[in-house]
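A lone chain, given as structure tokens: the form predicted alone.
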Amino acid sequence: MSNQSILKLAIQKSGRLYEDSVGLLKSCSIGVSNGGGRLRTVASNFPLEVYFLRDDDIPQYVEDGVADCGIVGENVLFEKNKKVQIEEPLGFGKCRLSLAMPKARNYEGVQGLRGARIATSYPHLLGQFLKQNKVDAEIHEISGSVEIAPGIGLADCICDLVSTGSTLISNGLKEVEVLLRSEAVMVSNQHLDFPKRQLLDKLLFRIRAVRKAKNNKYILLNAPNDRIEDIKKILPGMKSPTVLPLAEPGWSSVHSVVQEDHFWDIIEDLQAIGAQGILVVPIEKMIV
């Protein structure tokens, strides 16, 4: 197979996005492995070559065309400020870039940061934030263990990624300001040729089908016929619910798709109007 017919995808070689990135590809029926510490592998059942890279390097590889596309956190993408195209949010790797300071210190708003020493691994994003708010502060760029900076006297506060907040708490810090909410995204080179664009669109089609399935549940229930119209108002389905007669006269089986976000409210409403024998089934793929 020629290079022109293979899509080159960069993903994190280790860290918080690796497992979800590989898992997403497997959910799309694309098997990849970097066993033995390999930094490059070719999928056996899709024209895809995968590069396993440091997350900080992915935006540069994609901008330069070394990789055609990549999976990277928005926090890294916006910090590196490279010229790439965002194709699709992927729904995992969610976190936020936040300001935090010692619990004992009173936070007086953004303007209270004037003259403060702020430790961060995100000097570009922090600098943008301070400039937008017309605040003059001292940025200390460090590559790791940002949360210990106030405790050792290096900085007055920090700007760092927050997921659960447990690391901040364990270091005596409190979150005071959110600069960016981030998740993993698929990005692409801005100058893909037509064959590569077609391959990326095929990959995105699979990814969207998998993500749509994860956000929905297939539901089956039994109901008296005189309640079907009321149930149809609650369960619109992808177009409309499927209604099938049961062997027992006066009863039907109703099949539909329910969004995960509204699932429990809908179940309660269905029970209230007489639905019985409710079954809920996960959806593996969903093509709409």
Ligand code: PRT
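Residue positions are given as counts along the sequence shown, with the first one as 1. What you see is a predicted model; the values in this text were computed from it and never measured.
What follows is about the form predicted in complex with this ligand, which we do not show.
Engineer: Could you tell me which of 26-34, 39-47, 242-250, 53-61 sits within 4.5 Å of this ligand in the model of the complex, going by non-hydrogen atoms?
Structural biologist: Only one stretch qualifies here: 53-61.
Engineer: Looking at N75, N189, S98, N216, which is the one with a non-hydrogen atom within 4.5 Å of this ligand in the model of the complex?
Structural biologist: None of the others qualify; the residue that does is N75.
Engineer: Which residue among Q132, N81, T164, N106 has a heavy atom within 4.5 angstroms of this ligand in the model of the complex?
Structural biologist: Contact check passes for T164.
Engineer: Check G277 for me: does it contact this ligand in the model of the complex (non-hydrogen atoms, 4.5 angstroms)?
Structural biologist: G277 lies outside the contact set for this ligand.
Engineer: Does H140 make contact with this ligand in the model of the complex, using a 4.5 Å heavy atom cut-off?
Structural biologist: Although this ligand is absent here, H140 would stay clear of it in the model of the complex, with no heavy atoms inside 4.5 Å.
Engineer: Is there a non-hydrogen atom of Q271 within 4.5 angstroms of a non-hydrogen atom of this ligand in the model of the complex?
Structural biologist: Flag for Q271 set to no.
Engineer: Residue-level question: is V22 within 4.5 Å of this ligand in the model of the complex, judged on heavy atoms?
Structural biologist: Judged by the heavy-atom cut-off of 4.5 Å, V22 is well away from this ligand in the model of the complex.
Engineer: Which of the residues spanning 12-30 lie within 4.5 Å of this ligand in the model of the complex, based on heavy atoms?
Structural biologist: Going through 12-30 in order - heavy atoms within 4.5 Å of this ligand in the model of the complex - the hits are Q12, S14, G15, R16, L17.
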